[in-house]
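To begin, one chain is listed below as structure tokens, in the form predicted on its own.
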């Protein structure tokens, strides 16, 4: 009889503790960091995405999320997940030269993108994994590389052809997993692509915004159906905004680059990186051209936080907003929308919405995107690595 009682007691203890463990697992928070590339700060008002507007109204939001300089895709995505300015994490543009490696990094170079030697700082998926929190990335700049000896537990190699619905479905599958990740990233590029091709106010860009909005509605509905609305937080951001541009306001630089005694240059429509053989002659030649600023590295404004890195060249040239560089030697086409300008310009700003159990309904003043990293770490209960943030968002997070 005693033997039977002990057996029943053991079964009860196993059942009770396993049930408790399951309940505890259910209560563990998951943060889904969603990037809508190129989603300008005012697109919610301009293009009226219903679900995003609802999330904004009932969650934590700001009028503008301020990007780091330069207001380009890779530097800002990596700043969001490390809490560092570009000069401190080293991804200083979408394309740049490293004098120690004597190599050029480019977002189109898959080998470079997946090589951890380019990346400084500690992205949130590494911070999480080092402290026992699983992470899964459905695309994010840097997530394919081994950084500090680690990658996310799960990651996808970037392929823009993967439909948005497939991305959302995979995230929901991760959420259903018995070993649910604590951090998940999700990335959409279509708003940026359409903004470049057709301009920020175009019908095509509006349709892209509303398409992503529909996908996010599916994601929210899926979270609710799984029964995780009480533990899953959505953090929706964009890396930068978008400004109107056109060929009428282009600055042809092919002739200047040939005549200006230049050792090396890296071209983009909103920044020239220049290493010069004869700085005086180069400066004299460039002085004859208007609508952009040629800045020596030591004179780059302190507010840019874009000076103290060996990858930043001796000179940068940045066009005034609304103007773009063109280079007929490269047969580049002038887009209807672009970014990369002074990061304090309003049109360069992105969006931020925090929605879920960690957030109340509140609108706060604009802040820099480097604050997102420590906020996510705080929600997950992990210690952040060294970063440039000031913990500005922590007071707005529910315990």
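Positions refer to the first chain, counted from 1. Bear in mind that the values here come from a model prediction, so they are computed numbers and not experimental data.
Beyond what is shown, the protein has a form predicted together with a small molecule; the following relates to that form.
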| property | result |
| --- | --- |
| The small molecule contact at residue 107 in the predicted bound form, heavy atom, 4.5 Å | yes |
| Any non-hydrogen atom of residue 233 within 4.5 angstroms of the small molecule in the predicted bound form | no |
| 4.5 Å heavy atom contact, residue 286 to the small molecule in the predicted bound form | no |
| Contact label in the predicted bound form: residue 135 to the small molecule, heavy atom within 4.5 Å | no |
| Option from 275-283, 316-324, 302-310, 69-77 whose residues, in the predicted bound form, bring a heavy atom within 4.5 Å of the small molecule | 69-77 |
| Triple contact flag 187, 196 and 339 to the small molecule in the predicted bound form, non-hydrogen atom at 4.5 angstroms | yes |
| Heavy atom within 4.5 Å of the small molecule in the predicted bound form - the one residue of 118, 85, 97, 140 that qualifies | 140 |
| Single option in 155, 292, 267, 158 placed near the small molecule in the predicted bound form, where near means a heavy atom within 4.5 Å | 158 |
